[in-house]
Structures are given as structure tokens and as C-alpha cells.
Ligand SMILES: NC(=O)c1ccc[n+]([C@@H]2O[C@H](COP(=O)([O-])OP(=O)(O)OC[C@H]3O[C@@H](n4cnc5c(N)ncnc54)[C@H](O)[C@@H]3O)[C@@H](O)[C@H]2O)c1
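The chain that follows stands alone, in the form predicted alone, written as C-alpha cells.
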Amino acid sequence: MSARETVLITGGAGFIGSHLTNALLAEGFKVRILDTLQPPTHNGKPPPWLNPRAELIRGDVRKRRDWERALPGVSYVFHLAGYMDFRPDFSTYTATNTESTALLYEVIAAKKHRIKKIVAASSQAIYGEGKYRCKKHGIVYPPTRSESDLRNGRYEVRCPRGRESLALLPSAESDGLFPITPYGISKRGLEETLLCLGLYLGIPSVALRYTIVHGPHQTFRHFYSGALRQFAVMALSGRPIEMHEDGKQLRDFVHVSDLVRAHLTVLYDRRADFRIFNVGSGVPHTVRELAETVTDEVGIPPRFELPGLYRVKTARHSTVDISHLSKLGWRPKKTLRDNVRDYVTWIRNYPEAKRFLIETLRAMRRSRIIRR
């Protein structure tokens, strides 16, 4: 890698992209960003935390002409732009997450761009309910829980062959993939497209399966995912924290700075080429632990409510095995406490987040994304 090579980051004005931009500029790269700046993540303008040293091209990864504008002179591509929501606009997931990846390689081939490596954002969502061990039937990949079970407070996953209780196992990159949402399906398509076309064109390509990412710059305009955003704003607003199900769901929360270092690791290390890696903390926490950490950091007595809320097509637990990436020398450094402290410190500067939270929760209940 030579000094001052150009890196393209799609979705670079977003949460993860803005942090990756800063890291790559610090490494001596030129950074070009392709981003729509559209709601709900943005308000049509570059966010104040976007580094002014980066070149910004306003465009859409679903459009060929915008790729053609963004790719000339680029040596490396980080394809982070994506669509994550719970709305029933099913084609948007595929168009934004999967088809855009195919279009990237299509334009590279047509214009004969000399791209040295492509790194794309995938997700733990492709694992669906994940992997479990049944004492009677061995390894099982259970289907998503029924709404009847959720409505009646039966939250734990059971063996699909006999309804026995199961022991959760961390999902590894080689495990079976059984996504249960349009988002997860589209990310599985992204991975298959990325590796297939990367090998076909001889472009080293890498997919990173993110767990739940925390940190500053995580938009307060979009509350459809990420319990930390909701919990922090509820606590700072003096509201009790509402948790879905029973609050015992296990999740892997990773700090954005650790995630950015993972991107740099696979960029520099040829051993990562044409592979897929989980990126998480490797330490599962319950949703209730997250809520307790939030109230502690905000400095208020813990007030929690369990009103029987749930979302269909949501995994009960989600944890991953990070040993493959660790073998390349990467290790997470941040704890759950660091995650919460950094986000709470940042979100305090945006009191308007309360209004966005109220509006979003109303919309989610009205559209029955959240159910009771």
C-alpha cells in the first residue's frame, strides 16, 4: 500500500463510516465518501461530526451512475451502505444490500478499475435464531419463535424435534445460516455475491459480520434497532426503561472503535482475503445488564418496566465466536461500560433525541412492529 491512495467508503457519513473515515485519514489514506444523506439516518445534510478532510459525493449505491462517479482513482472499497429496518418494504433490503454489491463489481469490470480489495459490512442477522445444543438431539438450528409463544410469555427457544430445553452456542462463520428477516436474507445475499464476484474478478474481498455496535455518532433519528439508544434517551428523559420480553435476551455488544480496528486488520492482512469474519466483543450480556449499566452511567435509580412488549422475527439470543478474527491479531479492547459511557456522554449533547424516540415508538406500535 502506498501513501495517499484513495479509499471509497459507501455510507461513510453514517455511524460506523464516520469513525472509519477518521481512522483511514489518520493512516494516511485519501477518503472519498458515497452517501445519500437521506432520512431516517440523516436529515439531508452532512452530520457535524463528518471529517471535512474527506471528499463527499452525494449518491446512491443502487444507481450505476453514482458508482461510476465514485470509483475512478480508488484503490480500496469499504461497502458499508445498507438498509436496516423492520418496515415491510422488502425489495429495499435486497436492492440496497445485495444488488448494490453486484453493481459495484459490475461497474469495476465494465470500467476496468484496478481495485485492490473490497471489504463489506454483513451482520449477525444471517444466523437467525442461531445454534444450540440439545441433550437429546445434538446440534440444532431452531426456527424463529411463534407469535403465540411470544404473546404468552414463552420466550426461550425449544428444540424443534421434541420441545426440550436448549443450551446456546456462539455462532461461528462455518455454521448454518437461517436468517429470519428480509435484512438477514439480504446480507446473506451480499456475502455470496461478494465472494463469488471477488473470486471471479480476482479482487480480494472480505465480509465482516457485525454484532450490535455501540458508540458516538449512532444516529438518534432512527430507533428501529439498538437498545442502547432507546435506553439512554429514556434514562436521560427521566422515563422508566421499557424492555422487550423479560430482559434476559443475550446479546454481543461491540464498541465502534474495536469494529474500526477490525476493518483495518482485514485491509492490511492478506490472510483475510476471500473470507468472512464475525466481529463482536466475544462477551455476551443480557439486555437487563445493558439497562442497569445505562442507569448507573446516567446517575439515576434503576427503574425498569416489563410490559410484555415483543417483536416477531427477532432472535431470542445472539452471540458469536470471534476466534477467526482473533487469529489475525485483532482483539476487542472495550467493555460494555465503555460502550455505554461513550454513548451517554455523546447523546447528552442532543436533547432533541427525546422527540425522535417518542415519534418512533408511536410509529412502531401503530404499525405493529412492536406488539404487546
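Sequential numbering from 1, following the sequence displayed. For clarity, every value in this text was computed on a predicted model and none was experimentally measured.
Omitted here: the form predicted together with this ligand. The next part is about that form.
- Under a 4.5 angstroms non-hydrogen atom cutoff, this ligand in the predicted complex has Q38 among its neighbouring residues.
- Contact check for L24: every heavy atom lies farther than 4.5 Å from this ligand in the predicted complex.
- Remark: G59 counts among the residues lining this ligand in the predicted complex, judged by a heavy atom distance of 4.5 Å or less.
- The shortest heavy atom separation between Y183 and this ligand in the predicted complex is within 4.5 Å.
- Partner contacts here mean any heavy atom within 4.5 Å of this ligand in the predicted complex, and among 308-316, 340-348, 41-49, 327-335 they occur only in 41-49.
- Taking I118, A235, V140, M84 one by one, only a single residue has any non-hydrogen atom within 4.5 Å of this ligand in the predicted complex, and it is M84.
- None of T265, T193, S281, T96 but one reaches within 4.5 angstroms of this ligand in the predicted complex through a heavy atom, and that residue is T96.
- Against this ligand in the predicted complex, the set Q249, L290 and I370 makes no contact: no member has a heavy atom within 4.5 Å.
- For the partner-free chain shown, nothing in 255-279 comes within 4.5 angstroms of this ligand in the predicted complex, judged by any non-hydrogen atom.
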